[in-house]
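Next up is one chain by itself, shown in structure tokens, the form predicted on its own.
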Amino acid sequence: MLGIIAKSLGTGVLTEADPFGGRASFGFPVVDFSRCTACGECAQSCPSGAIQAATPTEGCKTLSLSYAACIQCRACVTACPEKAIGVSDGVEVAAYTREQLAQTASFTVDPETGRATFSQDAVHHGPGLAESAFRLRDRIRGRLGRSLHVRQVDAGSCNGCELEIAATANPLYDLERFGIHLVASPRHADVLLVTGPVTRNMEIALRRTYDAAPEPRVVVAVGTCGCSGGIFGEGTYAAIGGVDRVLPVDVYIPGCPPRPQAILNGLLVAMGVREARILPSREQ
């Protein structure tokens, strides 16, 4: 016993004081649209359809990127001949809507050379991620003394997200210091943390779990599959798709799988959403 205590004292404190201050070991692609020529090589290399190129009208091209469908394989980074795609290291990527995770840019095609040049700023549907992160930090501030009970539901994932969720409870990230606790029953839960594309066999179980959770319940979709169906797609013979095809989703945490810091950030966002529902007058 004394040996264990001595070893613990020698190890010291491992918990990250600021889990969001570090850099993600692998992140999402970031397109420098000013250098992009909309050649479409990145879209052709993307296995999940997160990047899509289109020609809506003659002389005009568009390129869109959705983090909701991105599996962070970096195939687009390698495929880009202009080296216009880099990789971010941010972990505060949680969003309120699936559309917020997407951006689209327009390009004008030179009729003589056929080369496309960037013409318009990227169109963000809803607040951008940076603006959202600022709002979330402001909302989170002062609320960390509250508690949040979380019921995790695997709706058909590969268990990659489950491994990262388990990592949030280790001594390094220590989610319980934020007042966040994992519970065994949805009847005790404030938040449903749902992973994986919703398989057809899990649809009824997921709906019943949602119905069993007391109001005001918050649903968080975790991972690329939870956000958009991922590489499994939507409306297939085995999978319905993203969680929002079955339940109303309040927070999206993209990534394949999302890092523990990103999951922690998303849970703190969910805490803010729940507080806003309980005390709507304070949020106005």
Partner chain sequence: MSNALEVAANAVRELRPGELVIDASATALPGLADRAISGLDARLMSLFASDEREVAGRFFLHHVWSLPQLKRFLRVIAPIDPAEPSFPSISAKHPAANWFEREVMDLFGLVPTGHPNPARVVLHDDWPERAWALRKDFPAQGAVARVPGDYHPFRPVTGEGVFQVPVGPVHAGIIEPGHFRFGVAGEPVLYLQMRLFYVHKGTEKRFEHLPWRHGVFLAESISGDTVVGHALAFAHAVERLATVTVPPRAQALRTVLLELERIYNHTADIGAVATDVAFTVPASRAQALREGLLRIQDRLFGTRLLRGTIALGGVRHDLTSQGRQVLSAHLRVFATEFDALIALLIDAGTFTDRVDGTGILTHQAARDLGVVGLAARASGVDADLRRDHPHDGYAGVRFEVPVEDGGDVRARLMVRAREVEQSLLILHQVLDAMPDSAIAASMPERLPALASALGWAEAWRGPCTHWVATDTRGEIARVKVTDPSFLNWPGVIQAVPGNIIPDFPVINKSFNLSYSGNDR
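Positions refer to the first chain, counted from 1. These numbers come from a predicted model, not from an experiment.
Omitted from view is the form predicted in complex with the partner chain, to which the following refers.
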From N159, S147, T104, S88: within 4.5 Å of the partner chain in the predicted complex by heavy atoms is N159
Checking P214, P111, P171, P81 against the partner chain in the predicted complex, the residue with a non-hydrogen atom inside 4.5 angstroms turns out to be P171
Would K61 show up as a contact with the partner chain in the predicted complex if we use heavy atoms at 4.5 Å?
no
Give a yes or no for I231: in the predicted complex, does one of its heavy atoms lie within 4.5 Å of a heavy atom belonging to the partner chain?
yes
Partner proximity in the predicted complex: H188 to the partner chain, non-hydrogen atom cutoff 4.5 Å:
no
Residue contact check: V153 to the partner chain in the predicted complex, 4.5 Å heavy atom
yes
Taking the partner chain in the predicted complex, which residues along 229 to 266 bring a heavy atom to within 4.5 Å of it?
I231, F232, G233, E234, G235, T236, Y237, A238, A239, C256, P257, R259, P260
